[in-house]
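Below are two forms of the same protein chain, given as structure tokens: structure 1, then structure 2.
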Structure 1
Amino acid sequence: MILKFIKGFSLLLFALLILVPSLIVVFGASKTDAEVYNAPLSLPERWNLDNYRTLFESSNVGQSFLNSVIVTLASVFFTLLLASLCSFAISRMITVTGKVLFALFTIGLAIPGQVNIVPIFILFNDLGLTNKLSGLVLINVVTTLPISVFILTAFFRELPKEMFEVSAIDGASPLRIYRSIALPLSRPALGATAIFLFVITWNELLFPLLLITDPAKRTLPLSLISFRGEYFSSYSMIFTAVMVASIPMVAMYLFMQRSFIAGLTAGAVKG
């Protein structure tokens, strides 16, 4: 009984930790700055969309939103393409070479991006990739490739090797096996990984802050900083921008919910 009470209380506390900040953001998007400062937990005096109108009319958020969409979709696509190719190859290698390659990608998970910001900036500056969306796509692919390979390799290793062996006997090339067999079977894992990558890339702030100085090339997280000043922060506009920024992530999850759940449970039951 006591254990059940503790479990229920813990779940309630966890729900409140998520619900209260979320409600503050939702309510704050319809408030003025004065209302936010005076009564952050209260309902707005008047529900309206004035903050959203002001956000797109008086700032560069619209362009930043488009930049984030381009960078995120391109980054997720190329990361999944390269990661699926690498993972398929590693899963097919039962020799020491495959284990070494997998270990190298795993080591990449232990290296935080913050320790490489100086050499990354020097390299990208020399290559002329600063203030370019292609530069952000490239660095996002590089930094998220290890975790993608780690996830997809575990899934590819669970696929029946007999299918690949039969296809090879029938004359199918490794690329044909990858395209016609491995990819269709790995859709749940690819969907779960895509959502994971989408959230990481969409919320990425470090590399845009490092590589982008042109206001026209800013991503949405970088534009949110402009609403925060040294002496005053417009929290009503920050909350509004956060609401706008959360729409693609919610839509992405709802659109790929089945793939995400299937990817999480893939391999949990073996028959």
Structure 2
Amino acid sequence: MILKFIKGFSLLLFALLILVPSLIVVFGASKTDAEVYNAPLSLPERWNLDNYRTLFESSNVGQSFLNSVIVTLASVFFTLLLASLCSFAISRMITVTGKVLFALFTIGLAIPGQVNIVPIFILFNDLGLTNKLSGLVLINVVTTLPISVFILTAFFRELPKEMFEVSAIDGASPLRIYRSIALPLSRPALGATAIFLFVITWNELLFPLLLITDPAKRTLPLSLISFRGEYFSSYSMIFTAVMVASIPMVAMYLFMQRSFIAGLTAGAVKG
């Protein structure tokens, strides 16, 4: 009885702890500042998009949104391409090379790229890759390769070997086996990895902060940070910006909860 009460109470409490702050933001984006401060929890007097309009007119959030879309799509695409090719090769190599290659990526998992911020900043400066979206794509690919190779190699290793061997005997080249057997079969694993990559790339702050100073090249998280600096006291505007930055991921989450949860836990478990 007491146990049941504790269980119900703690479940409800944590649910409220997530719901209430989320609703404050959703409501706040349709409120004036006075409303936000006086009654953060109440429904807005009138649902409207005024704040969104002001936001897009008075700041370059629109540009940042576009930059984020470009950087995320390109990063996820190239990471998946390179990682799936490499993982397939690793899983098919019987030699030491495959093992060594895999071990190198594992080091990258244990020691996050953050420890390299000093040399990466200097290196990218020297190579002229700062203030460029392509520079961000490159560093995103580098930091997400280890986890992707890890997940995909584990998946390829579980596929029955005979399937590949039969086609190899038939004279199919490795590239053909990769394209017409391995890739189609690994759609679920690729999907899970893609979602994981989408979320972390879309939300990444550190490297944009390091490499981008030009306001026109900002991604959304970076834009959000500087926006907060400017609109320090206007939480209605800040919440509107938070909404704009979160809506794509939230919408995807609502439609594909299962794949999202699978993807984001695969990233953790395999990592």
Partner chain sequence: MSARTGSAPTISGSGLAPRRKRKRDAGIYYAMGLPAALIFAIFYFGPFILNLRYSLVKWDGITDSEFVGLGNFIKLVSDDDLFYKVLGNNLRFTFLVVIFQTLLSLVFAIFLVKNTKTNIALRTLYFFPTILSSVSVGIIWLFLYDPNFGAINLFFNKFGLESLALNWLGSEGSALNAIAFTQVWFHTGQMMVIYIAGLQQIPQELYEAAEVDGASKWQQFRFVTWPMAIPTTIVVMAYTTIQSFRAFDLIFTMTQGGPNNASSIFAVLIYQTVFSELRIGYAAAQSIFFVLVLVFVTVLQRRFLNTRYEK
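These figures come from a predicted structure and were not determined experimentally. Definition used throughout: the rigid core is the maximal C-alpha set that superposes within 1.5 Å between two forms. Numbers follow structure 1, counted from its first residue as 1.
Taken from the structure described as the form predicted in complex with its partner chain is structure 2, whereas structure 1 is drawn from elsewhere. Once the cores line up, the CA of residue 39 ends up 2 angstroms or more apart between the two structures. For residue 7, the Cα shift between the two structures is 5.1 Å when the rigid core is held fixed in the overlay.
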